[in-house]
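First, one chain by itself: the form predicted on its own, in structure tokens.
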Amino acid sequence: MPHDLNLAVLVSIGQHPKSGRARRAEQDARAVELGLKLVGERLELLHAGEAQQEVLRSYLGMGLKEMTLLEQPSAGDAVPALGRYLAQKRPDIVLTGVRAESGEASGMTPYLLGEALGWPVVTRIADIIKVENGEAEVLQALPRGQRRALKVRLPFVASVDLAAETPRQSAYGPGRRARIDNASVDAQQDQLRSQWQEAPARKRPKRLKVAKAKTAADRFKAATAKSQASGGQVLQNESAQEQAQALFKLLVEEGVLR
């Protein structure tokens, strides 16, 4: 890799899917691992959010000595602050996770940053093979383990998929000794997000097919047989009002509308 290659990784506060406890985000950690492989300790870590987040040091414990913090409230909009900072620093490559594990988690940050900076965006990459002559060759992760080779001009923004290399363990001591530098930014309040009301999602019960089987063979056949939809209604020649009425009736019967 070129010795003058500048690479920044955007990291966020993750959330464990079972306990809900704060942790390093899995995709962000893989982005850090990829950045370390490319430029080593010259990698720049960047986080936009609250300062009192000790979990951020788990990223530093992967082998880095400092992190840049763009301090702003939890309901702040991170994209404008990140866009202004990156426009000044002008790194060659900006890596992010595909989406955050907490908060809005819309997955729009790479796209909004690419639009703000005027840079191309490459989604769900698994690796960066080489960078030379102002061009990077990347591997994009596809379904079923497939890969697609792409070439993109520098600078660009890329989101790192779970197909990327597994991140190394974080060392507690080096992470505590590392430095977190605050960069002055004009924080902007996210007006829409401040009006939201968040609540835990509720799982909807699944319908169980009642199998009236008498023998073990019948029970096995019922358990492995592919379910076929029945009782459906195809509306082709009806008017738009009749189709809407049928859809509304179905939503009421399913309990979606009350």
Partner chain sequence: MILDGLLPVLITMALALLVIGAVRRINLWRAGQPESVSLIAGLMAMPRRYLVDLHHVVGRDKYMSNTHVATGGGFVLSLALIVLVHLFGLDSKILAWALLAATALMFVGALFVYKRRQNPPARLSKGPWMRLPKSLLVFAVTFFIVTLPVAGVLPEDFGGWVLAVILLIGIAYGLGEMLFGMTWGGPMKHAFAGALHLAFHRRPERFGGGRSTGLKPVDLGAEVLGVAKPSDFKWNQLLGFDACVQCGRCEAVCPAFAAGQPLNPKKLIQDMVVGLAGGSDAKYAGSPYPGREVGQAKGGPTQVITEGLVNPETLWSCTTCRACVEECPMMIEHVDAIVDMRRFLTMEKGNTPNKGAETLDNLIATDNPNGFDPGGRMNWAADQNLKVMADVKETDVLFWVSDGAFDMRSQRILRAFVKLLKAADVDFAVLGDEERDSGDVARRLGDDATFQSLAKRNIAVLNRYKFNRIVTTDPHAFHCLKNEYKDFGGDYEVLHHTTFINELVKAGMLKLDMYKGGTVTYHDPCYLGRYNGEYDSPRELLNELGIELAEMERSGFRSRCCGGGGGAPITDIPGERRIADMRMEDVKATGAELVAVGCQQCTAMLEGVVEPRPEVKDIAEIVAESLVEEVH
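Numbering follows the first chain given and starts at 1. Since this is a predicted model, take the numbers as computed values, not measurements.
Form predicted in complex with the partner chain: not shown, discussed below.
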Q: Decide if the three candidate residues K37, G40 and S184 all line the partner chain in the predicted complex, where lining means a heavy atom within 4.5 Å.
A: no
Q. Which listed residue (P73, G83, P91, P174) meets the criterion of a heavy atom within 4.5 Å of the partner chain in the predicted complex?
A. P174
Q) So in the predicted complex, does any heavy atom of T166 sit within 4.5 Å of the partner chain? A) no
**Q.** Neighbours of the partner chain in the predicted complex among 1-27 [non-hydrogen atom within 4.5 angstroms]
**A.** H16, K18, S19, R21, R24
